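Just the one chain here, the form predicted on its own, laid out as structure tokens.
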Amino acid sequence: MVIEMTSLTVDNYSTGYSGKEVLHNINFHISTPGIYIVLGENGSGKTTLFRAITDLLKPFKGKISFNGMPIQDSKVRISYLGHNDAIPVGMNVFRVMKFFAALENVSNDVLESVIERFGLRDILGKQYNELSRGQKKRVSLAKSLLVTGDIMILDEPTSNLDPSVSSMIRNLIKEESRDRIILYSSHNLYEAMDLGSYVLALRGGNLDYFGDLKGLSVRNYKIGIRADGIEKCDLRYKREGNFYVFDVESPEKTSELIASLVAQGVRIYEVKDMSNPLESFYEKK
């Protein structure tokens, strides 16, 4: 499906919980389909922004509109994947998918297509609560995409996943970004640069930056890798807990580091940022 017009506008918007303001005078306008990375520390307002766009929160002031209409009146279709999978316990994967397909009035043809696309065929008979973390995430993302939304909201969808599973999910998300707006929150600058070209940086409920990802600079970039076999490699690193920590010149160099380790027989379980990706950016404020 090609969307002829796609725009999301947040205009002087403030909201919060129980009368306490969390987001303060947020302003931005998105007029091009693509992946927009929402960066920020814990408590910066990322999830609150997502709840506001889905109309789960009402404004203290300001408005949010889609294609020029108030979000609540626009009939916009939003696919939302939050931290909580919101999947009934005790169901196998097939029943999970059938349950959500029925809720969304999705045809069997569409259901079968999603099952194939997300590689769920081999786990349809397994109980959801017995799946691995990566398998659960695939099921959660699949059920969220049974209906193609004009806007997709993904709240840290690859958090705590192995690199191979994270890469697979990012590739699926890239495919979805051609015709719609995707808001994708992450703490991981490497992941952000792999996925998108645009970023919304939040701090303390304020929008500190909205624009090209290249506008964010990080002077001291540390990458943490949880793996077996790194001790055999002739590389400089430090240990922080279960992670081997490497200093790299830029997020792009992380791919080269990972490729080098894999070529030397290292088995990698997790890759993550070990420094605050916004630290250097905020030092300029």
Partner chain sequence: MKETSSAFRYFIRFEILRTFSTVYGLMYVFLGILIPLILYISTFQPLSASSLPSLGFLLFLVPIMLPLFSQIGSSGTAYLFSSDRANGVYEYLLASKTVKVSDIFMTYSISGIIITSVILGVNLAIFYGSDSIRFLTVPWEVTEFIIIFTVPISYFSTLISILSMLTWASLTKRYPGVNAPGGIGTIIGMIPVLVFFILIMKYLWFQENIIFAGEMFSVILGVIFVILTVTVIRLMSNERMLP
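Quick caveat, the model's predicted, so the values are computed rather than measured. Numbering follows the first chain given and starts at 1.
Although not depicted, the form predicted together with the partner chain is the subject of the following passage.
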> Taking the partner as it appears in the predicted bound form, which of 75-83, 115-123, 162-170, 202-210 has residues with heavy atoms within 4.5 Å of the partner chain?
Replying inline: 75-83
>> Is it the case that Phe100, even though its partner is missing from this view, gets within 4.5 Å of the partner chain in the predicted bound form, heavy atoms only?
In response: yes
> Does the partner chain come within 4.5 Å of any heavy atom of Asn188 in the predicted bound form?
Replying inline: no
>> Against the partner chain in the predicted bound form, would Arg178 count as a contact residue? Criterion: heavy atoms within 4.5 Å.
In response: no
>> Contact with the partner chain in the predicted bound form for Lys174, defined as at least one heavy atom pair within 4.5 Å: yes or no?
In response: no
>> Can you list, in sequence order, the residues from 115-145 that come within 4.5 Å of the partner chain in the predicted bound form, counting heavy atoms only?
In response: Lys143, Ser144
